[in-house]
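As a starting point, one isolated chain is supplied in structure tokens, in the form predicted on its own.
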């Protein structure tokens, strides 16, 4: 997860276009839907230099641009209007740890408290989800805890995965939860799902290995991954107090910056949905 990977607003700036969330939303609404048989670079609304830039980066498979170019192409194929910038977006922050005093659950709650204006964050955990067993699924169906988590994800506008790091990799309990979810309706839950990835660990490198290990799985699931910023909290024991409150000013600033960028990503990328209300 590199800070060199650019968001929509960086791509629009490179293309010489207004790049505020409002301007990006207007651009998408004005130019969609782009027919599926038209390459992004061949769209009629680009000038020659803009089209050449997109073609060049595509041919180069430039890692700092290719994902956001693909995301723009997908967004322009949508037939619905982009959500307006003043419509609150709902984010589900899913902690990948079961421990009562988990730093990652505490980080999810810190995100809830630090959410920028226009964003609300709900915190969820993996409690109650059993180890995946095909025989269990065949005999009893999908566990209620999995179905409940599925409903929360579908009711949210974006998903924020808050991952620990175990032995330089993805925690088994977190991967197990995602595996169960994929058995319910993988496309509905994950395909195009606006997703962020953050994490905290007690080590000196944060969750860099864990976040990197998530990438092949998230790519296969087809999520739309925010890559305009990163948050890997290292030595988390020094950033949270005994009650689990994030008190380190530097980490708070990093979290706030990440959430602001993630919010812009959601605003610029997400088609509007009918607002769902609780019963």
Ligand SMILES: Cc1cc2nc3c(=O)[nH]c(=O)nc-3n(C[C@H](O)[C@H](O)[C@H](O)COP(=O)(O)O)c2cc1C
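Keep in mind that what you see is a predicted model, and the values were worked out from it rather than measured. Numbering follows the first chain given and starts at 1.
Omitted here: the form predicted in complex with this ligand. The next part is about that form.
In short, of 143 to 151, 119 to 127, 185 to 193, 200 to 208 it is 200 to 208 that has heavy atoms within 4.5 Å of this ligand in the predicted complex. Distance criterion of 4.5 Å from any heavy atom to this ligand in the predicted complex singles out 102 from the list 114, 73, 102, 176. In the predicted complex, residue 168 approaches this ligand with a heavy atom inside 4.5 Å.
Contacts between stretch 223 to 241 and this ligand, counted in the predicted complex as any heavy atom lying within 4.5 Å, involve no residue at all.
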